[in-house]
Ligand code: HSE
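A single chain, nothing else alongside it, follows as structure tokens in the form predicted on its own.
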Amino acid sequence: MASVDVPVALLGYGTVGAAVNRLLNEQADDIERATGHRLRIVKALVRDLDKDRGFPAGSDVLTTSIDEILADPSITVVAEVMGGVEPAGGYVLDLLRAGKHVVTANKQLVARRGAELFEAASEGGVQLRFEASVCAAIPVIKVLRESLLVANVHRVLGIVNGTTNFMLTQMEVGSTYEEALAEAQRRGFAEADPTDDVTGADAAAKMAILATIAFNSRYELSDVDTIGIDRIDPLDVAAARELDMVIRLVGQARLVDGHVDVRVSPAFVDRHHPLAAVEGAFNAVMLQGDAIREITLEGPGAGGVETASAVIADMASVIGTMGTGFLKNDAVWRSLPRLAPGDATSPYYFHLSVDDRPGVLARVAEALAENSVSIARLRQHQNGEGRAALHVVTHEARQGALHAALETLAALDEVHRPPLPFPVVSDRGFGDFEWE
């Protein structure tokens, strides 16, 4: 069968855009054998025509005008790899309304403006695909939207930010937060401004997308309860090690009695849990549902080539399903309310710096008991300065009840720092732990 030449365009030609073009050139024969099509970049929208590029774009490919792409009837598929909510959002809307299929790697755009984008895609009779927006080369979106269409997924749990996972792995072996961040930047895992990563905003955008697809109900960035890794104390890292756990930035989306809870926060992860083994700049997503029990997808979650591979896979999927009506509709068909933040339940860890004197432990236990929070495990260390560190792991508790108890504790004269709770992730009962 003769190959079909498919002209495609890019919005942006930075690290990811150049990688897309390079892979399409270097692996053109493999793509053609698999799909019967030869994808060819004919236009790439940029701001600066004279900027040095990692891979040459080719003659007359670069343009500063979106109209050259919009007005070209031969271009039916466009990949948005420029990032940012604007002007990327406006460009994507115009392309969809003009009847052009769009593939995007832009998590913030999908998380913030997904409803508007899908409405435009539906009206234009085209597809909007966004595999590369979450976990780069890991095909979690495709699995959720296609393979698990009737699996009734009720929980998504994962490590979805490689930068923070690399930093936390470094901190486990003795690096300070500042040293871990500097090393992540040196290796290219962290941007010069790492705010979105370390505050959890990047992971929150991804979890909003995953929750929307998994539960067929719209969730945006503002719906995600988010805490970053920038508040982790070295004592917490040491305590996790002693408790046979590790700290990971964990995203979780759960369907609970018709309500959805979506959150991102540092968590104490039992070393026997699969997520504890995810180290460095890797990502992993666990999907749990009625028809599948549990599936775990793991791999590199960032990088130009990794993201480019996901973009190209989406482009090939679009081309292979053109004219079929496949995935033209928004995944959202219902509206499930958010679980009230205080109603979320989990075992928790927290530590207290307290005066080392009789009666303090009893006051801590009393404050917890008054709010129906029970202690599963407790460790105490003296620091030689008249103070002690209390490391507490609770049984499963309501978040609201725990916060009320911690507010009471923070107000005590014997407590010298406001406690910050971390959820505990484990598949084992506390009786199975080997620490006291």
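In this text, residue numbers run from 1 along the sequence as written. Under this definition, the rigid core comprises the largest set of C-alpha atoms superposing within 1.5 Å between the forms. These numbers were taken from a predicted model, which means no experiment stands behind them.
Although it is not shown, the form predicted in complex with this ligand is what the next lines describe.
- Looking at residue 189, you'd find a heavy atom of it within 4.5 angstroms of this ligand in the model of the complex.
- Residue contact with this ligand in the model of the complex: residue 352 places no heavy atom within 4.5 Å of it.
- The closest non-hydrogen atom of residue 302 lies within 4.5 Å of this ligand in the model of the complex.
- Residue contact with this ligand in the model of the complex: residue 101 places no heavy atom within 4.5 Å of it.
- Across the options 93-101, 214-222, 197-205, 227-235, residues that bring heavy atoms within 4.5 Å of this ligand in the model of the complex belong to 197-205.
- Of the residues given (263, 107, 129, 248), 107 alone sits with a heavy atom within 4.5 Å of this ligand in the model of the complex.
- Proximity to this ligand in the model of the complex, defined as a heavy atom within 4.5 Å, singles out one entry of 209, 121, 315, 160, which is 160.
- Core-superposed comparison between the shown form and the other one: the C-alpha position of residue 181 differs by no less than 2 Å.
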